[in-house]
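Here we start with a single chain on its own, the form predicted on its own, put down as structure tokens.
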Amino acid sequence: MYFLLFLFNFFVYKDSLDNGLKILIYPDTNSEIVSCQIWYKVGSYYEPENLTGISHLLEHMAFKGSKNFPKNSYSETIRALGGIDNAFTSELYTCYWADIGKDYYEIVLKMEADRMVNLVLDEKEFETEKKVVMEERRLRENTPYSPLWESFGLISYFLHPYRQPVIGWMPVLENLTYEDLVNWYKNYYQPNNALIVLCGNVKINEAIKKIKKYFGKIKPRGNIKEIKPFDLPIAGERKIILKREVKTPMMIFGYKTCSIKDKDFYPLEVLEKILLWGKTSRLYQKLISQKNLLISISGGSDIQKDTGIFYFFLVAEDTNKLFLAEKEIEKELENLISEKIKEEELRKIKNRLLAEYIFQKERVRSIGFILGSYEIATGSYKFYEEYPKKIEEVKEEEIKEVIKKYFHKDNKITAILLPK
């Protein structure tokens, strides 16, 4: 265990500029590249119901060029230098990233600073890109999975923005205006709402100088109000049944749990691995290998900034097997409460979690994603530092307690997809 604790140690430099821009630097002299990432604290979590999908649409538009780097030149410049770049939008953030040789990361900072203040938002391009996103939305609607997941989200959260898909609702996308996009950009793409993460072969003093050079003179456009959404408590089981032209029935069921800052987060992490981690997990062995009830099973503890969900996603050959599998999962949860969890099973799960933690540090991009997401979701990247110690401390009784606390009928949400 002492050897493992040694591997958990790592150094992250944290700073900020006078304009509110946050900075995290993870120096790794063993790497030949630098993962340069800029995170904006905006995603579907921040969108009112009449603007769902606008953060994702703005991400698309951000690749249409800025004042000093016209259309396509951003990606072309990076790829000409042997790097790669991309972006993603989630509930809590939008992240633009580029992996590039250690001698060239300054050009990424220069382009990102220009994108922050000089993005060219052309109205014709907006209408074209909106159609692209709407087609992406339409393709999702034509698969069996998306309607099921979205229905599950709608009954899981009555008022909270977690109920909204990141891509947005089609009627809302149709009515988004060019002015909506421009206002969203001006409001959220500001230094006081952004985080720069540099991971890789960088010298901290040099990196700070370069960040100040390009971002230091950017002034905030205004204050950004902190979003504090809430939801109604679950007062009984919620269920929705969909019927589509599908061959195999599917079910997602789960239980509302806690936020990432809650002490229950850690026993729920361990419980996820006991039940669902790979072919040796309890549920895979019981429901697929032994009883042949399911084609596949997945799920886990999906917890972010606010109240999360522990869910199970089941696919079966027929409806009867699907419902039998649901009952078997409920029995297994009851067994975990009443029976002793063997120390060797618990030790094995913890070791795998800790090993996974170590392997995440092998790629500078991956550790950048972890640091950035935790900094935004929890308010501090140090959550990542504390993770292995907290996992190591999880006790059998804590696992049993979270099952008793959350996994009961009055806290259950179920979405079922059946063949017509």
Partner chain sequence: MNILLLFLLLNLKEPQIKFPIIFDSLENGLKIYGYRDNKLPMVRLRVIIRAGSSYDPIGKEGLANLVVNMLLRGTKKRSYEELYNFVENLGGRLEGYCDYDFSQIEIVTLSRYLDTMIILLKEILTMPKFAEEDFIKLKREIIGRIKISENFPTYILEKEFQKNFYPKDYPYRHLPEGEITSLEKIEIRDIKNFYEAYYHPNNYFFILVGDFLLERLKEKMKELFSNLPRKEIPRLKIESFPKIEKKKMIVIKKKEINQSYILLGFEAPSGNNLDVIPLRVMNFIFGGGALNSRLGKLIREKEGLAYDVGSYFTRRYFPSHFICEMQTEIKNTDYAIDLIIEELKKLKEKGINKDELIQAKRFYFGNIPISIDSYSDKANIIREIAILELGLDYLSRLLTEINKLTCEKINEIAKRYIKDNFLLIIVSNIEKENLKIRDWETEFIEK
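Numbering follows the first chain given and starts at 1. Predicted model only: the values in this text are computed from it and were never measured.
Missing here is the form predicted together with the partner chain; even so, the following discussion is about that form.
Participant: Quick one: find which of 256-264, 127-135, 328-336, 233-241 has residues within 4.5 Å of the partner chain in the model of the complex by heavy atom distance.
Facilitator: It is 127-135 that comes within 4.5 Å of the partner.
Participant: Would E393 show up as a contact with the partner chain in the model of the complex if we use heavy atoms at 4.5 Å?
Facilitator: No, no contact at 4.5 Å.
Participant: Hey, in the model of the complex, does E47 get a heavy atom within 4.5 angstroms of the partner chain?
Facilitator: Result no; E47 lies far from the partner chain in the model of the complex.
Participant: Residue-level question: is S31 within 4.5 Å of the partner chain in the model of the complex, judged on heavy atoms?
Facilitator: Close contact exists here: in the model of the complex, S31 approaches the partner chain to within 4.5 Å, heavy atoms only.
Participant: Mark I309 yes when one of its heavy atoms lies within 4.5 Å of a heavy atom of the partner chain in the model of the complex, and no otherwise.
Facilitator: Outside the cut-off, so no.
Participant: Could you tell me which one of I54, V364, I38, L371 places a heavy atom within 4.5 Å of the partner chain in the model of the complex?
Facilitator: The residue from I54, V364, I38, L371 that makes the contact is V364.
Participant: Which pick from L276, L92, V166, V246 sits with a heavy atom within 4.5 Å of the partner chain in the model of the complex?
Facilitator: Exactly one residue meets the criterion: V246.
Participant: Any chance all of Y96, Y178 and N183 sit within 4.5 Å of the partner chain in the model of the complex, going by non-hydrogen atoms?
Facilitator: The answer is no; none of Y96, Y178 and N183 reaches the partner chain.
Participant: Counting only non-hydrogen atoms and a 4.5 Å cut-off, give the residues of 78-116 close to the partner chain in the model of the complex.
Facilitator: R79, A80, L81, G82, G83, I84, D99, I100, G101, Y104, I107 sit within 4.5 Å of the partner.
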